[in-house]
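Before any questions on binding or motion, here is one chain by itself as structure tokens, the form predicted on its own.
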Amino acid sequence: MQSLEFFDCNCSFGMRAIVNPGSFYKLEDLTDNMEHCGIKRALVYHSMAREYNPMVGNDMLMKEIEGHPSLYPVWVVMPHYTDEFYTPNELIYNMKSQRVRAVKMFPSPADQNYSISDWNCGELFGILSDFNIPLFIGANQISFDEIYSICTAHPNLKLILTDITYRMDRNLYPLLKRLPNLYIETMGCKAHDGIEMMCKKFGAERLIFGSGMPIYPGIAATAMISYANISDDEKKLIAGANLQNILKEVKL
């Protein structure tokens, strides 16, 4: 089995309202766990951007990951109409100046509580699409109908669905068939032969490696790919090449 260069699409750090037993919150614990699991690089966001305020948390992220070349910033974004966040044009300007190439959203009522319909987020989705900026969003944040609406209204927007569960395949498969701009994070592909079936039906190019650390163990996420019954070339794509290719297409 060849050595894989894992590039994690779904990591975070920082204090949280609830620190799950066995998890961690310090940046140094994240980098230590990455080294232990063989994860070379990671896209990361700050917990305070989710649980407190995106502007504050994004600023904390940039300051705290300085000097960590293996960590790539992901900004949490939201609609701008209440003046709590950048306008879309301001967002692009600031992402370009700070070399941020990916964004994440937390629209659910349990988190930042806003509609992701086009009347609220269409302008944001449009500019992300214009600049090929990938959008990461959790399956616990969005409905299947909303996924379909976003991906069809913005066919050039790459949407990476994270935090799926093994019970979602009956809805994910028809979405993947109809939406070429939809990608799936691997951490939740825990159904029997889940990775293998997705590769067979939709191609390894649609799968992006993610661990979900610190909530979930990184070593389990890497093992799912390392020991999957797929080719070495497919493993290489999933482990890091797919994410690297998506980030190369960003036009900032």
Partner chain sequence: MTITCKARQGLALDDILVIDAHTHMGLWHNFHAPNNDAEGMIRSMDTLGIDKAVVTAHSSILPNYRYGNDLVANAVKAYPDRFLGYVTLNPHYPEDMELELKNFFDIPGFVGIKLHPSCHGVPIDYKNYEVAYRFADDTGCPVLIHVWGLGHVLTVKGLLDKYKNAKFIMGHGGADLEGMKLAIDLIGDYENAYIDTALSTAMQGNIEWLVENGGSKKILFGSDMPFYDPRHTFGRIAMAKISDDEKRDIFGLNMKKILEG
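Given the structure is predicted, the values throughout are model-derived calculations rather than measurements. Positions refer to the first chain, counted from 1.
Same protein, other form: the form predicted in complex with the partner chain, not shown, and the subject of what follows.
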| query | finding |
| --- | --- |
| Any non-hydrogen atom of G57 within 4.5 angstroms of the partner chain in the model of the complex | no |
| Residue contact check: M197 to the partner chain in the model of the complex, 4.5 Å heavy atom | yes |
| Contact test in the model of the complex: F202 vs the partner chain, heavy atoms, 4.5 Å | no |
| D193: touches the partner chain in the model of the complex, heavy atom cutoff 4.5 angstroms | yes |
| Option from 202-210, 33-41, 48-56, 61-69 whose residues, in the model of the complex, bring a heavy atom within 4.5 Å of the partner chain | 33-41 |
| Heavy atom distance at most 4.5 Å to the partner chain in the model of the complex, all of C11, W119 and P155 | no |
| Heavy atom within 4.5 Å of the partner chain in the model of the complex - the one residue of Y93, Y173, Y81, F144 that qualifies | Y173 |
| Residues of stretch 216-246 in contact with the partner chain in the model of the complex (4.5 Å, non-hydrogen atom) | Y216, P217, G218, I219, A220, T222, A223, M224, S226, Y227, A228, N229 |
